[in-house]
Ligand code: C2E
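Okay, here we've got a single chain as structure tokens, the form predicted alone, with questions on binding and movement later.
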Amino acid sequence: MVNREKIRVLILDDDKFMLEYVNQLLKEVGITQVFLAENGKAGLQILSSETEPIDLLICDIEMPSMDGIEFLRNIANKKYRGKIVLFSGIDADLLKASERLAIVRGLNVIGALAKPINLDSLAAVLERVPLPFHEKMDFSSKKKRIFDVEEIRQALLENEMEVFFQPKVSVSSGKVTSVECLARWRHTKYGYISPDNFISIIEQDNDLINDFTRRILRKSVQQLEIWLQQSIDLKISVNISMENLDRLNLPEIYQEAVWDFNVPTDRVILEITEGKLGKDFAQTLDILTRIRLKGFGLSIDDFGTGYASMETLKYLPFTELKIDRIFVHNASEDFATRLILESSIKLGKAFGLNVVVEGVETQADYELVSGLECDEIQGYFVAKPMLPSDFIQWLSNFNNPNNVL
């Protein structure tokens, strides 16, 4: 159970009655650290002036001076990492479009509520808010970076980058078939830091992103070798950046990294984000085709969030399609979202691809996607990313005959 007394909330609404009403609802569920703003500009001022971060934003869409869409654009540019709930009296389709826009901008939207909201609907959304991670974001007019290239380069030299593993489960067998390997920076001051906070900086330096990706690949394959020796039958997925696709000998570099640990390349799937495909298409096709020739699997990640999905599937030699979480959340209740989810799964199956649905977080999500003939599911409903030792303990419990998803 979340200790809600520690959660800091900012409510944005131009209706003073609504501000007080939602404030009172929050008090009824145990949240007392609440800030109020009557428009987006006032909200930004509060975010910039507070010494401790705001963990949750409850944001109206229709507001004067700076509306909710403008406000969300501003906080996305400033890398806000807290949770967000949208609420409004606007048309349901427009509210859904606002939610998707916020998600596409990289914001962590956990719900969109139609006005008037009530205690039950608000409480249900608040169950998705974890204990606060108080990392101070920079909301000053002059944007600053917390980390720089040299600090990250030093972290690599000192072996501070670790790999967490998030399982993927077969819908048909109910067994764990593979794990996605996710980089985490074990920072001496901030603890474990996700790539969202540093990967964009690494990608600005071609040598650094190539070194980073190769190190994560080697660490992941090394762990897979240990598991295979223990008769734990798994595949792994490792994310690679489009910035890695700048050298024609990349297939050989990755093949060598895998063979150093006596792991077959067909045990390794390389994931590429769809939205970043492009640049030199001929070179991309060259490299990815030769990666497949080496035996690697190739996954198109975050499918549906880019702009060339059909062309991507037609020309590039993918073996797997991962459907983005924005088409899973609330799909059981929202017709348009469910339709896109169903169509994406059917499209992937028509191309003969292994279809993975990520972002499965609730029982309703699981029941829906498991009935839509996808191959694998991934998400917090199954398990969060874990260190190797925690994963082995989790796997032992998961494989217990009495365990049921």
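The term rigid core refers to the maximal set of C-alpha atoms that superpose within 1.5 Å between the two forms. The structure displayed is predicted, hence computed values, not measured ones. When you see a residue number, it is the position in the sequence shown, counting from 1.
Same protein, other form: the form predicted together with the ligand, not shown, and the subject of what follows.
Looking at the ligand in the model of the complex, do all three of 180, 195 and 325 come within 4.5 Å of it through at least one heavy atom?
Judged in the model of the complex, 180, 195 and 325 all sit within 4.5 Å of the ligand.
Are any of the heavy atoms in residue 361 no more than 4.5 Å from a heavy atom of the ligand in the model of the complex?
Yes, contact at 4.5 Å.
Is there a heavy atom of residue 240 lying 4.5 Å or less from a heavy atom of the ligand in the model of the complex?
Answer yes; at least one heavy atom of residue 240 falls within 4.5 Å of the ligand in the model of the complex.
Using 4.5 Å between non-hydrogen atoms, is residue 199 touching the ligand in the model of the complex?
Residue-level check for residue 199: yes, a contact with the ligand.
Closest heavy atom of residue 320 to the ligand in the model of the complex, within 4.5 Å or not?
The answer is no: residue 320 has no heavy atom within 4.5 Å of the ligand.
Could you tell me which of 46-54, 352-360, 31-39, 369-377 sits within 4.5 Å of the ligand in the model of the complex, going by non-hydrogen atoms?
After filtering at 4.5 Å, what remains is 352-360.
Pick from 218, 184, 292, 79: which residue has any heavy atom within 4.5 angstroms of the ligand in the model of the complex?
Looking at the other structure, the residue within range turns out to be 184.
Of these, 210, 166, 255, 332, which has a heavy atom no more than 4.5 Å from the ligand in the model of the complex?
Residue within 4.5 Å of the partner: 166.
Output the sequence-ordered list of residues from 288-303 with at least one heavy atom within 4.5 Å of the ligand in the model of the complex.
Sequence-ordered list: 301, 302.
Superposing on the rigid core, does the Cα of residue 218 end up 2 Å or more away between this form and the one not shown?
No; residue 218 is a residue whose C-alpha shifts by less than 2 Å between this form and the one not shown when the cores are overlaid.
Could you tell me whether the Cα atom of residue 292 shifts by at least 2 Å between this form and the one not shown after core superposition?
No.
Is there a C-alpha shift of 2 Å or more at residue 267 between this form and the one not shown once the rigid core is superposed?
The answer is no, as the C-alpha of residue 267 shifts between this form and the one not shown by less than 2 Å after core alignment.
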